[in-house]
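A single chain comes next, written as structure tokens; it is the form predicted on its own.
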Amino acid sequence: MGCPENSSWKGCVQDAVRRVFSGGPVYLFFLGLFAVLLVAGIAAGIHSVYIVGSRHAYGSTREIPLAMLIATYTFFVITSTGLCLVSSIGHIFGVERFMPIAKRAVLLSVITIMSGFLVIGLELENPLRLGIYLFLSPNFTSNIWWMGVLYSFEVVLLILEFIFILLDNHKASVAAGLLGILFGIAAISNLGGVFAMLNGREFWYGPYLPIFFIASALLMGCAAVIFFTVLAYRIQREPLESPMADALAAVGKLAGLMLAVIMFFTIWRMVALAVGGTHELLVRDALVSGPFAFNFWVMEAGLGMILPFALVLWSAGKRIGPLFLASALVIFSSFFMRLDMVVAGQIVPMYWELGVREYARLHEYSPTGHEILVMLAGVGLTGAAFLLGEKVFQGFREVEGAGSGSGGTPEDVAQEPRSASKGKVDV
């Protein structure tokens, strides 16, 4: 934790607390803002589940039982698995350029998965029952049971991996990290399987979603690494050093590749929907020219794929500014991608083709204030934990080689000519 030399644990804790409150007014403002979002969201979730009832407080209905909070949960856990995968490239598989991002990526992986657990816990009417009966009454034929078990093991392994990295126990961290990858990939593909094995929902059904989730996890991992690393150097008010700049350049190139893969997936998904059954055609029309058209064309395709891909190409894998903007757009638009995927798969009534008058039009969904607040609780936990982590662990400077103390910003350093012999990147 960056304790002063020969300090006791009490001294380490006191020093960490001092660092937490040592930031400037901007840092303290955002820390307070995220804390308020976290508290307000938890209060809204408790009020929804235990006082008025989730069926009254949330916008989900019998026709659309899975809504914003499920989409938020998938957003966070997919991001967590992606961070785990990207971090493993360096400190597990030995690719040197990716090594500087390992510590921060693993910590962010823990933070985002805990944010996902928070949101899903506030979505369930009785989250304690899940924890009790997950192991006392297993159902091996249930995808949701497997999801709970796999993610439980993953979060434990991620925490152990981070602890072992802090203790410089390389062998133990590699072992925990490798197991974490295996459980993470199994969990994320199983999450896709929760949707993909519902043959009554043609938009979800099939092998597409488990594979797509893994690909989008890698993209989200790259985007999160770039976004939070640049912010971390802003928080610490330190220049972006050559090893970290090289690492972000490598992550940026991987992000460009994954953006191309996601665009490839999306195009063929829409082509396949065009020749599908009645339900698939109705969902495709809703996405292309119906109530989801703005989200699909602007938020998903435009801001989430085309513009970030153009920014990555413009950056040439080196300019940190365009990479940072591209990563921010990917993270922002990815939420709408998850929301559209979850809700659009339920808008077609199950009895549409039978001509039942009650189900003669598409279902509609609008999130309530309680749902928005619970979603923001996940954002608040992620933001607050990230800011606190950067202060407590001093930006992981002992691993990244930081600490020059010149006080420049990432953009300032990135704009300086960098010698290829020193492994630095031009912006």
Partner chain sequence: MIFKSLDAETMLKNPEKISEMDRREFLKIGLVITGVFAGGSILSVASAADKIFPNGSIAEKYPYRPHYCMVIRVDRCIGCRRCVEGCAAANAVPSYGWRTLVLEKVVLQAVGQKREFIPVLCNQCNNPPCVRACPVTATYKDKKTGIVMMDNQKCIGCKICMAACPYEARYYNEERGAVDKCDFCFETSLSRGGKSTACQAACPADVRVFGDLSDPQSRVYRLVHQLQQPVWVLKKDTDAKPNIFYTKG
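Because the structure is predicted, anything quoted here is derived from the model rather than measured. Positions refer to the first chain, counted from 1.
Another form, the form predicted together with the partner chain, is not on view; read the next lines as being about it.
**Item:** Residue (of 281, 182, 288, 298) lying close to the partner chain in the predicted bound form, criterion heavy atoms within 4.5 Å
**Value:** It is 281.
**Message:** If the cut-off is 4.5 angstroms on heavy atoms, which of these, 387, 362, 44, 37, is the one near the partner chain in the predicted bound form?
**Reply:** Of the candidates 387, 362, 44, 37, 362 is the one lying within 4.5 Å of the partner chain in the predicted bound form.
**Prompt:** Given that the partner is absent here, does residue 351 sit within 4.5 Å of the partner chain in the predicted bound form, heavy atoms only?
**Reply:** Residue 351 belongs to the contact set for the partner chain.
**Prompt:** Is the gap between residue 368 and the partner chain in the predicted bound form 4.5 Å or less for some heavy atom pair?
**Reply:** No, residue 368 sits far enough from the partner chain in the predicted bound form that none of its heavy atoms falls within 4.5 Å.
**is_contact(residue 143, the partner chain) in the predicted bound form, heavy atom dist at most 4.5 Å** = Yes, residue 143 sits close enough to the partner chain in the predicted bound form that at least one of its heavy atoms falls within 4.5 Å.
**Request:** Report whether the minimum heavy atom distance between residue 28 and the partner chain in the predicted bound form is within 4.5 Å.
**Result:** Output for residue 28 is no: heavy atoms all beyond 4.5 Å of the partner chain.
**Prompt:** Of these, 206-214, 98-106, 226-234, 134-142, which stretch puts a heavy atom within 4.5 angstroms of the partner chain in the predicted bound form?
**Reply:** Checking each option against the 4.5 Å cut-off leaves 134-142.
**Request:** Run the contact test on 53, 126 and 129 with a 4.5 Å heavy atom cut-off to the partner chain in the predicted bound form and return yes or no.
**Result:** Affirmative, all three are within 4.5 Å.
**Request:** Heavy atoms within 4.5 Å of the partner chain in the predicted bound form is the criterion; list the residues of 172-203 that meet it.
**Result:** Contacts from 172-203: 194, 197, 198, 199, 200, 201, 202.
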